[in-house]
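A single chain comes next, written as structure tokens; it is the form predicted on its own.
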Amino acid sequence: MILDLHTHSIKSDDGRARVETYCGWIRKRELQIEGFVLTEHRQFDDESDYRPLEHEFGLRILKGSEVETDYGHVLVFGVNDRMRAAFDFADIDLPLGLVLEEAKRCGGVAVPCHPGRPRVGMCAHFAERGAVDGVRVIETRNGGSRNGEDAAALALAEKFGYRGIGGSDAHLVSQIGRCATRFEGAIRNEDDLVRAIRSGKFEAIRWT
């Protein structure tokens, strides 16, 4: 199953895409992805119900979050009430170690995203401050990356033995599906997604 693990809707402060428009674009353009994860900035959207859109378009629509840490931005999957109580998703300087540990303790998984990006990626912080225990997976394919950023992420993954996921980091409709992650099995819900990421049985892919 192929999912875009990093997308933003109008729920994010800089998102410009409606979820239903993403769905229509995927079908109109016959993109290869079978669903996507909404990782809204500094929040978890527990209000929106996308099941009608899933049924209408035959896509899987899951939810996560993108939080900000002292080592750059991090995608969080498997968000639940325990995790939301464990740390403040709106904090812009969360300790990376805390997010990794609490996400795992609460049944989820945290994945540093666009690590090669200046200031908001992990590579620059590693160079200055060293590695952080608990990182197992990073985003190695990001649809918004500029020249050299994904290469830096891949080099970091190779150096430390990290697995790599892919996501478009879409903020506009036309950006969705540029990068994605191919899983060996079906992903029906957020729990399946967490288990699949923890298993390491996936690969990051990029089409454009």
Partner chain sequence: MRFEDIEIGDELPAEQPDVRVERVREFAKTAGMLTGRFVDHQKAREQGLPGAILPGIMSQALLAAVIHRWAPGCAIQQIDTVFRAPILVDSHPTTRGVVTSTDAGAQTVDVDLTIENEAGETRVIGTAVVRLD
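None of the values given here were measured: they were computed from a predicted structure. Positions refer to the first chain, counted from 1.
This next part talks about the form predicted in complex with its partner chain, which is not shown.
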Using heavy atoms only and a 4.5 Å cut-off, decide whether all three of Lys63, Arg82 and Ala186 touch its partner chain in the predicted bound form.
no
Taking heavy atoms only, is Arg146 within 4.5 angstroms of its partner chain in the predicted bound form?
yes
Give a yes or no for Gln175: in the predicted bound form, does one of its heavy atoms lie within 4.5 Å of a heavy atom belonging to its partner chain?
yes
Looking in the predicted bound form, any heavy atom of Arg163 within 4.5 Å of its partner chain?
no
Taking 4.5 angstroms as the cut-off for heavy atoms, does Lys159 touch its partner chain in the predicted bound form?
no
Contact segment among 166-174, 30-38, 151-159, 43-51, judged by heavy atoms lying within 4.5 Å of its partner chain in the predicted bound form
166-174
Going by its partner chain in the predicted bound form, which residues of 13-51 come within 4.5 Å of it through any heavy atom?
Asp14, Arg16, Arg18, Thr21, Trp25, Lys28, Arg29
